[in-house]
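What follows is a single chain, given as structure tokens, in the form predicted alone.
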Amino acid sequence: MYILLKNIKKHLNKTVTLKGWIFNYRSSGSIYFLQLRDSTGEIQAIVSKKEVNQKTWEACEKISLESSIEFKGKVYNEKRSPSGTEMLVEDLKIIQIAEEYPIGKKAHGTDFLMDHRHLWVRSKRQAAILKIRDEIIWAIRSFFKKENFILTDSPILTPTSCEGTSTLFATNYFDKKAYLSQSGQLYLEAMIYSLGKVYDFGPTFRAEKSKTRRHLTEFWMMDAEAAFVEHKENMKIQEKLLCYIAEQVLKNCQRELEILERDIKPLEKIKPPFPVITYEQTIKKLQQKGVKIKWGDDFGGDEETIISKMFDKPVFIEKYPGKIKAFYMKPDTKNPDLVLNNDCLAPEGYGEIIGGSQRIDDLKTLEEKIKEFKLPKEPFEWYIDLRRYGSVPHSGFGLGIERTVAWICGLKHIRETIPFPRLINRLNP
């Protein structure tokens, strides 16, 4: 029976067995200093030639970076050790001697590291990012459980688009054409008539030919939808969710944030209420900053960066022109040229992490919008049906996991937020 390194403090001055990988080592001639890691922590293991048999010492001499090892020895406190503890090794078993490891201490280029992503994920920094990703995902699930949302599943293979037909990945589906899902939203709308408040969580795909620091072609999206929820309440749910995510990461990922050298002061400011500005106000703010933009233009990454740096917490931009947003968004009764939608921009220049809206619940209006957007009606007949049988006001939103991870971790590029990123120029490993 072996123990995990996260529990090492419970076994001080006891003889235990550890299993893991060697991420660093050095020798003084008669002593080996071996840095061992497992998935939960690190420890320095001391092998003294005087304290072990010849077989164990000879095994030490064979060790290389990333070799997998089993140690048996006594654990004690050592303030000078990076982990605060050390093990005096009594016995050592080699599980596998690693070949020469391609990722060394020297600096490597991004392309090299991405080509070796399957090995790069072993690094302390990458592991910390992925552990925070895990915490964010669990926070999302916990939040929706507390708020009485029911987890449901949306199909990945779909007959048409819910966002834009130009960004679909097409595939053959027997004798028909199918597309990889851009969002589960339309299917979630069907589920509210059965389950009330629902969310899904899964991979989504956008064939956007974009090389920005914010775009992946395959990414994970959380979509939520709720019956009898209107525009303002929809934004309150989003606000509450982001506050809960920040709170949980600060509470449970202190070590990982330290590894990333993340300044946590901005995260500590993620408290309600979030500022809310209109699309029109945003256009004026950008123009005052010298940006060449006019009413009716959509915001790109550069514009989002400028706006998000104006605030020290997430900001909602609401009521965009309907012509630049999706067909299903409900027009504002005060100004039918606008829709009851919002984008939520993360601070520190990270830009959009959530997009949401109140949905059209009127049959005639939805049919008019499908025609206005020049969409084929037949693939949406089932969606139109939802407005024929007990339609109600309803709203929802989608949160991009990778963009949220990038913001919470303070990362410069989205490629580090997912174990194996899919980019316009990268399908391997």
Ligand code: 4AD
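Numbers for residues come from their place in the sequence shown, where the first is 1. Small disclaimer: the values here were computed from a predicted structure and weren't measured.
A second form of this protein, the form predicted in complex with this ligand, is not displayed here; the remarks below concern that form.
- Using a 4.5 Å cutoff between non-hydrogen atoms, residue 187 does not count as a contact of this ligand in the model of the complex.
- Taking the partner from the other structure, this ligand in the model of the complex has no heavy atom within 4.5 Å of any heavy atom of residue 315.
- When contacts are judged by a 4.5 Å heavy atom cut-off, residue 152 does not count as touching this ligand in the model of the complex.
- Using a 4.5 Å cutoff between non-hydrogen atoms, residue 208 counts as a contact of this ligand in the model of the complex.
- Interface residue among 198, 246, 340, 354 relative to this ligand in the model of the complex, by the heavy atom within 4.5 Å criterion: 354.
- 216 is the sole member of 128, 140, 216, 235 with a non-hydrogen atom lying within 4.5 angstroms of this ligand in the model of the complex.
- Proximity to this ligand in the model of the complex, taken as heavy atoms within 4.5 Å, picks out 354-362 from the listed stretches 91-99, 354-362, 291-299, 260-268.
- Residues 403, 414 are the ones in 403-420 with at least one heavy atom within 4.5 Å of this ligand in the model of the complex, listed in sequence order.
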